[in-house]
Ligand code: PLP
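We begin with a single chain expressed as structure tokens, specifically the form predicted on its own.
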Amino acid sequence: MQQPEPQSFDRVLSSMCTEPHPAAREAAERFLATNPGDPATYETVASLEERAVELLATLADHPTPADAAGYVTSGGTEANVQAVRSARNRHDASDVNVVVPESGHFSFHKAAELLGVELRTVPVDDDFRTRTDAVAAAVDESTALVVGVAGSTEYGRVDPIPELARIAREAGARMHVDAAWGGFVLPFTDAEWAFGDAAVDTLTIDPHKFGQAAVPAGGLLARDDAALDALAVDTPYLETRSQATLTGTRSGAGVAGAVAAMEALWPDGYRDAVERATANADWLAAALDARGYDVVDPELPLVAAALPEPEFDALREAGWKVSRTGRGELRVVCMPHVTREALRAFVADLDRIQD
């Protein structure tokens, strides 16, 4: 029987996943059956995971990447849940809260429900960044974690991370940065977002997004071991006697693919990809603006524009995989697989629809 083929990325404009690098694809297949959840048994993939954490920490400007703590998660959701869990476990209060901007990923709502913590959502400003005055007003002695976003999923915005970290410290809270998508783009900008820019405790950064690793390969980083120690549980029947991860058994495919992608592409390959994606986002934003659409000025390679619903639906019917922001705008993410040729075809279809 003929096996189904995976969907082509040719018309996928809304996803924060992309085609994996060939080296990542090959490495993921080789390590498919290994389990980094039991590193004492699967020693080779355990060594690869240490290398993955070191490489991710290098991207995130950790002061000593070889000493960074962390692991390869299933994605940004798991990393964000674990950051909340670690901060909760390290806080003295019995009932804690977490302060998150409106632009925060929906995984923080999952985390609050799963972990029984109060989620305090604060507004963003007119440019879709966290309002620091609102964060300062929301924190108190029971705040375990303040969250900042570095590359928001709807508008590609970077919150004022150093100021948020200062507010967190003054409140006795931890600081977490969600750079799941932005983490592979921001090293080539002048944004202040990472360990070297502020007192960040934990950080989410996903190789399977702009990092071009095979899915699933997320990343949780911590400044020191204490953040992961707060997550550890005993695992008496394994060779490895404790475990700080959430999912337990994991495929080594994500670990091996992440290392292969980063070793193949860091830094020059990623720099080139970011430059191409940024140029494509600027081109698309200008094309939409020239056609009279209200466009949100792109900061990172993500374009949002107010598109009437009939035109949006017609683009979907034409086979384009596009999504909307919470406010209903068209949202296009210029990932490495998104070419200028594809964007020209997209705009040509939009012109045809308008006529």
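Because the structure is a prediction, the values reported are computed rather than measured. Residue indices: 1-based, along the sequence shown.
Heads up, the form predicted together with the ligand isn't pictured, but that's what we're talking about next.
Segments offered: 232-240, 99-107, 259-267, 116-124. Contacting the ligand in the predicted complex at heavy atom distances within 4.5 Å is 99-107. In the predicted complex, no heavy atom of Val12 sits within 4.5 Å of the ligand.
Contact check for Met16: a heavy atom falls within 4.5 Å of the ligand in the predicted complex. Shown alone here, Val147 lies farther than 4.5 Å from the ligand in the predicted complex, counting heavy atoms only.
Contact check for Thr153: a non-hydrogen atom falls within 4.5 Å of the ligand in the predicted complex. Scanning Ser142, Thr189, Thr278, Thr77 against the ligand in the predicted complex with a 4.5 Å heavy atom cut-off leaves one residue, Thr77. The partner is not shown here, but in the predicted complex the stretch 175-205 reaches within 4.5 angstroms of the ligand through a heavy atom at Asp178, Ala180, Trp181.
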